[in-house]
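Take a look at this single chain in structure tokens; it is the form predicted alone.
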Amino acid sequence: MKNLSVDAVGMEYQVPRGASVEALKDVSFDLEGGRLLTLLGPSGCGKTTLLNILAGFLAPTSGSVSLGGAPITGPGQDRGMVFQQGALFEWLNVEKNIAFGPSMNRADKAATKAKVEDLLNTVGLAGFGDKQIYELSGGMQQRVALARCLANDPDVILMDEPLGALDALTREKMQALVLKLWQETGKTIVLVTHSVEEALYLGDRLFVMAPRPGRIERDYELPFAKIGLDVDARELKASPEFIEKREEILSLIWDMEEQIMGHEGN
């Protein structure tokens, strides 16, 4: 499996009148292949900017990123992206959405069809291949988005608030699906979220990022994602260890928010 490396990455955005905003500063880390990293922090800490750099959608203004030793200089099939809104093709049915990547790569049609059927089973949508996107609930659409990403067999799956628009019950079910896919596929996953509970439950490594400029404030190695593969989610989230870590991180982020409000009030 390929390691994901970020070396002294910085990102500045130019704004009107010649000014600039420093979105990221000196972000560095190495992520071993097969890990599930969650990115957490207050608004404006650069989580999505960092994710877009990893995807190759943005080029950093300083530093470098690489996957398996190869520089990331743009989008590539070795990285797949799942957005908050599924970004699905409304004019294609479920099966054709999932098959889109392999079809564009002129993959064998029979092999692609078999892969799509397998992925529909994997994400719990067996029998929905001929449905139109508008016929699906939000949670089902996100399952299609996950399957479409997996159809391209990327080394790394990048997820930008993929569960943020879902209701609480659907969100918990989707969290369990993410853990299941992580276990079964062995893919490296980097997931951005605003939910402390979600970041703790899904991440076997978690970065709390500080804002202005965005940087890694804390780096946690966590046991909960692996425990969650075998233990009921509600039971795990009610455990003293989980609650203690949740309150620690909530306090950290709360303090950051207070500092931001203080600066803005001056």
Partner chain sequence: MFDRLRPSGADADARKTVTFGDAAAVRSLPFWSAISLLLIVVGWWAGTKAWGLPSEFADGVRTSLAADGERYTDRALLIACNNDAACEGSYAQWLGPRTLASPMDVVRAFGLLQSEGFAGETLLEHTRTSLWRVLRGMFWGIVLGVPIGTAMGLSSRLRGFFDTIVELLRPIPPLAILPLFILWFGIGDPSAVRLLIFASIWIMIIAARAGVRTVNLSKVRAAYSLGASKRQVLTKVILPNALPELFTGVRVALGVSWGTLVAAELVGTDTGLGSMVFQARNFFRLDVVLVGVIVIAVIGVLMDILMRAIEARLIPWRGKS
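Positions refer to the first chain, counted from 1. These numbers were taken from a predicted model, which means no experiment stands behind them.
One more form of this protein, predicted together with its partner chain, exists but is not displayed; see below.
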{"query": "Joint contact, Lys180, Thr185 and Phe242 to its partner chain in the predicted bound form, by non-hydrogen atom at 4.5 Å", "finding": "no"}
{"query": "Sole residue of Asn121, Thr73, Ser137, Asn105 within 4.5 Å of its partner chain in the predicted bound form, by heavy atom", "finding": "Asn105"}
{"query": "Heavy atom within 4.5 Å of its partner chain in the predicted bound form - residue from Asn152, Thr112, Thr170, Ser195", "finding": "Asn152"}
{"query": "Option from 65-73, 203-211, 51-59, 37-45 whose residues, in the predicted bound form, bring a heavy atom within 4.5 Å of its partner chain", "finding": "51-59"}
{"query": "Arg148 within 4.5 Å of its partner chain in the predicted bound form, heavy atoms", "finding": "yes"}
{"query": "Partner contact for Arg79 in the predicted bound form: its partner chain, 4.5 angstroms, heavy atom", "finding": "yes"}
{"query": "Its partner chain contact in the predicted bound form: Ala126, any heavy atom under 4.5 Å", "finding": "no"}
{"query": "is_contact(Met174, its partner chain) in the predicted bound form, heavy atom dist at most 4.5 Å", "finding": "no"}
